[in-house]
Ligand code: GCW
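Taking the form predicted on its own, here's one chain by itself in structure tokens.
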Amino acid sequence: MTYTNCWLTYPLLVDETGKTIAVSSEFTGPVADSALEELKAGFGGMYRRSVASVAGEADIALKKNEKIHPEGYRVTAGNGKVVLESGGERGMLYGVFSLLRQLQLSGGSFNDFSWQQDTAPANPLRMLNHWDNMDGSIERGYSGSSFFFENEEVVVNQRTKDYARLTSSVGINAVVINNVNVVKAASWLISDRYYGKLRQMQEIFAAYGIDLYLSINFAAPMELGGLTLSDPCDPGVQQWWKEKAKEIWQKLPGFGGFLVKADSEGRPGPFTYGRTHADGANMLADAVAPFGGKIIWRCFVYNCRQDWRDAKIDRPKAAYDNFMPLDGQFRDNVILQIKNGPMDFQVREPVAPLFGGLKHTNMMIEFQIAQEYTGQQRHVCYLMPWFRQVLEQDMCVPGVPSRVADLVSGRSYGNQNCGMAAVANTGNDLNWTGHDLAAANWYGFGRLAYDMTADPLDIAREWVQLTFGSNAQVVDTLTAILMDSWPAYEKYTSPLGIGWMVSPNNHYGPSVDGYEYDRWGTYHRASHRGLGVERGRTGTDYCRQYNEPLCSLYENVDTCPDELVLFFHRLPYTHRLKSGKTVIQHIYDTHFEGAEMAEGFLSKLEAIKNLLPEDAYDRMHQRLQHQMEHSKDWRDIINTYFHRISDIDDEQGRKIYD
């Protein structure tokens, strides 16, 4: 069975067989060829109309306009004519995808179609980070195996092109294909053994406006070059990287650059030699600068040898403590990639304070659509409402627009090297993302990265209609499931900002104390008296990493938002939240509510069974059945744990297992 086309379905709208669409284009080259190919697919599918290139009068005119952003576009459509202008070939391609999307959503004849749009991307860099390994496995991959690698070889085939097409269609312009967490394979990937296949992949990506990036091993001079060290201040190491960068760009012209994870979770880095993150990043930046390359340096660093007995050591403080003293010391082609929260992609976290701290350093935000801690694509959990909340958070930086959206897009300080990244959720499953509904996160991330003002509800409805058709009951039902899925998951898993109550290593399923006494940190400190981590002045003092008035807002339990209160404070079970409920009653109520919502997802899907393709329905039904059952495991294990430890009964007398 062939894999699905996801949202690029182009179903028949109006049969206009025999009528040709004439297309004129001022753009030439591989991207222009991709645009023409997409127009043929779209008009052939939706109208049974052929598409032909012409030099003169045309139904669709693709024009260059230097006044428009090179990745933006202006479209005017009406009366069977379209003028699409852009300042660059990428913007022209995005405009073509957008035109076809709007035609499909309109559901009518091309001749009756009327539409105008003038847009430009919110973020310069809109990136997917894949955690694919060269043996074909994927770390935190929940959609099958890699389609980039197999048996230590790079794979390039039709699926490579189809992936690029889907990714480009939502405005993503950069992709890291290999796992940032595996260092040895990353060394060999930048060697003669792989350049040929990488060049083929790069050419496919480039035809869809996507820059290829690779994750590298900071110790590559030792792995590949036979050096005895990888000290970034050593002249021999610096020269090795300069020569390697020259070699890479000769073999892969137009290559984007490197993603680096260093001195975190045992990865090699500059700390070995008493150097700073700036020393390490700048050495690489100098090597790639002559070729226009970028260094994306991850800020996911922390002391992974914590002692749970020490209540002052606090993992969330690590990124700020490590990088704030270095503000202003990084080269202009270095971008610090900062996770959206200070922990690790939990279902609810405060925004990482580093966004409000750095003022002289390029930065981009890192989200995760792979759902490592949000159901692993076995549970539906549409994350765009959460991402939009993060982007709207004001970090209270004096004198500049300081929403996260302003800071990561470059609007606050005039940066051009900045943007949004997401850990990807694709694999070789026939539906690409394991759960058919999980593709909404891939689609949604691209749409939100391009337009950070986009409404997650509109994105969800758009994706459902493009993927499953325009039947109103189908669109309403699946959109409702998506929009309720993140709140439901939060309700039946982790309360009030705690997070982490998952089984160690696989991060799936409830285990309240799974990480509580672990070297990676401690997270809820539950006892018979209460739970939560005190992060004010009397605790870890983490709150002071935030600008005022955020610092005081979070530090004062009376003003701290309920949804984060146990992240910032240790509270007795009888503490009354702003809702009027006690902490313990909130835990009981939300876990019952979340499980009920998950059960409702299944019944909603069953009501539209006859309106969906049989294979897609069967896959979704299996996933939602599992989610319903698993949500009850979460409910019963969490509620029973806290009932036993608090010895406080549920006010509603519901079944809790003692």
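Treat the numbers as computed from the prediction; the structure is a model and nothing was measured. All residue numbers are counted from 1 along the displayed sequence.
The discussion below concerns the form predicted in complex with the ligand, not included here.
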| message | Is the ligand in the model of the complex close enough to Y320, R348 and T540 that every residue in that trio has a heavy atom within 4.5 angstroms of it? | response | no
| note | Within 4.5 Å of the ligand in the model of the complex by heavy atoms, the stretch out of 486 to 494, 404 to 412, 250 to 258, 371 to 379 is 371 to 379
| request: Consider the chain as shown here, without its partner, and state which of S168, N179, N417, Q104 has a heavy atom within 4.5 Å of the ligand in the model of the complex. | output: N179
| note | Note: exactly one of D518, D279, D344, D327 sits with a heavy atom within 4.5 Å of the ligand in the model of the complex, namely D344
| request: Report whether the minimum heavy atom distance between E265 and the ligand in the model of the complex is within 4.5 Å. | output: yes
| Are any of the heavy atoms in D162 no more than 4.5 Å from a heavy atom of the ligand in the model of the complex? | no
| said: Using a 4.5 angstroms cut-off on non-hydrogen atoms, would W131 count as touching the ligand in the model of the complex? | reply: yes
| query | Do H507 and the ligand share at least one heavy atom pair within 4.5 Å in the model of the complex? | reply | yes
| Neighbours of the ligand in the model of the complex among 276 to 301 [non-hydrogen atom within 4.5 angstroms] | R298, F300
